[in-house]
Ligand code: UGA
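Read the single chain below, which is given as C-alpha cells and is the form predicted alone.
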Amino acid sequence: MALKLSVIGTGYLGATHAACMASMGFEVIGFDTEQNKIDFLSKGKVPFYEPDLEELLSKQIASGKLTFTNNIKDLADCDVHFICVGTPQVKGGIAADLTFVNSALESIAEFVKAGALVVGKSTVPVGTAARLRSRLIELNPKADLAWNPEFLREGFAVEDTLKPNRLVVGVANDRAEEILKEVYAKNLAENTPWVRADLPTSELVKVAANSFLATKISFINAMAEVCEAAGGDVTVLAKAIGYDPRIGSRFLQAGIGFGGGCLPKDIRAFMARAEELGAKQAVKFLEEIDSINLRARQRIIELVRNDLSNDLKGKKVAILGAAFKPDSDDVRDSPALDIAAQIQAAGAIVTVHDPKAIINAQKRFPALNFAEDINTTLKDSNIVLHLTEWKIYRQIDPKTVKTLVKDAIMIDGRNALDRELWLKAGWKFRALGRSQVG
C-alpha cells in the first residue's frame, strides 16, 4: 500500500512540496492553521507567484490526490509527516525563531500512529532535529523523526522538487532511511544522488550551502569595489575567473547583492548558532559577507547622487524591479525595495515597476509610488535604476524609451543589460564595478 503523506505548513515550501508529492502518486493532506490559506489552496489557487505551481496544484486537487485541512486530527492516519513551517529571524536579534517548528512537532506528536515518521524540511539551527526527535519519542515512543532539508530556488521550486540535484536525509536508523527511499523512489530511479547523514550534518548542509552561495555573491561584489578603485571591469574579471573549473561562472554577477526570505536570515542564524556552540570564529567571515552585501545597496545610492545631486529632493527616480529576484513575487529583504525606500526617504519622487511583485511591494512600502507599465514608470524621470533582472527589462528598446525620460541615465544594478546598446542609444550608463560611461 502506498504511503500517505501530510505536509504541515502550506507556505512557499509546504504548498510546493504537497503538490509535487501528490504528482508523484501519493495521497497528500496539507495542513495549516490559517483558514484563508486552506480555502485559497483548496480552490487550486496559490497565494504567491511561482511558475508552474498553480497548474500543478489544481491538477492534483482535481485528481483527488491532494486535499487541505485546518484540523490537525485529519493527519492521524498518515505515514509520513513533513514539517514545512517558517523559521524567521527573531525580532531584535539574528537567531532563528523556532516557534512554528516547535509548535508543529508538539501539535502532532501525541496522535501520530505507531511507526509514523516525522520529517523536518524547514531550515533550522544545528541541534534542533536531535532535540525534536527526543521530544517526539518522549511523547510517542512508537514514532520517529528524520531531517530532509530543502534546496528550492524561487522561480524553479517545482523543478527542484520533482528533479532535485541531490537528496539529503538525516536519519538515526535504517528504518527511517528506508521510508524516505520509498517516498523518493521515483527520484532514485532517475539516479538522483542520495546522501545519508546524521541529524546535525543534515541541518548543516543547508546553511553551509547558503553560506557558500552568499560568500560567492559577496566576493564578486567586493571585487567590483576593487575594480572601481583600479579602473577595471568586474564583468570581464568574472568571466575570466569563471572559466576556472574550481570556481565556476555561476553567481559571479556583480550587483546589488542577495536578499529574499532565506539567504540573509539563514547566514545570520548560522552565525548565532555557531556562537552558541563556541565556534564563533569559524564563521566570523560571514559578518563581512553580510556587510559587503548591504554595502552594495549604498553604493547604488552613491551612484544616483553622483549623477543627480547630493540633494535628491524632487528628483524623479524610476525603478525597474521590486522582487528580490526574477520569476518571484517575494519582496522580503529585497535589495531593490530597500534602495527605493532609502532614495524616497532622501526626498526623491520614486516610481517602481515589477511584473509580479507590485501587490506585495505595496503592502511592505505603501508610501512608494507604483506603476503597472514600464512607460508610466519611466515618464519624465531623471534617472532609471534596473534592480531586478526580469527578462522584460532586458527587452526594453533604449532608443524608444529615451523619448519618455527627462534625463537618459541608466544605472544597471544587476550588470544584466547590454551596455553598448544603451550607450549607442545616447544614454549614460552606470554599473557597479565598471567604468562609468556616456
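Note that the structure is predicted; figures quoted are calculated from it, not measured. Start at 1 with the first residue shown and count on from there.
There is another form of the same protein, the form predicted in complex with the named molecule; it is not shown, and what comes next is about it.
- In short, of 104-112, 71-79, 149-157, 237-245 it is 149-157 that has heavy atoms within 4.5 Å of the named molecule in the model of the complex.
- Taking the partner from the other structure, the named molecule in the model of the complex has no heavy atom within 4.5 Å of any heavy atom of H17.
- Of the heavy atoms in F258, some are within 4.5 Å of the named molecule in the model of the complex.
- In the model of the complex, the named molecule lies within 4.5 Å of some heavy atom of Q253.
- Contact annotation: D266 falls within 4.5 Å of the named molecule in the model of the complex, judged by heavy atom distances.
- Residues K206, C262 and K325 are all found to lie within 4.5 Å of the named molecule in the model of the complex, as judged by heavy atom distances.
- Among the residues N210, T351, T161, N360, the one placing a heavy atom within 4.5 Å of the named molecule in the model of the complex is N210.
- Shown without its partner, this chain lists I339, I217, V331, L312 as candidates; in the model of the complex, only I217 has a non-hydrogen atom within 4.5 angstroms of the named molecule.
- For the stretch 403-426, the set of residues having any non-hydrogen atom within 4.5 angstroms of the named molecule in the model of the complex comprises only R414.
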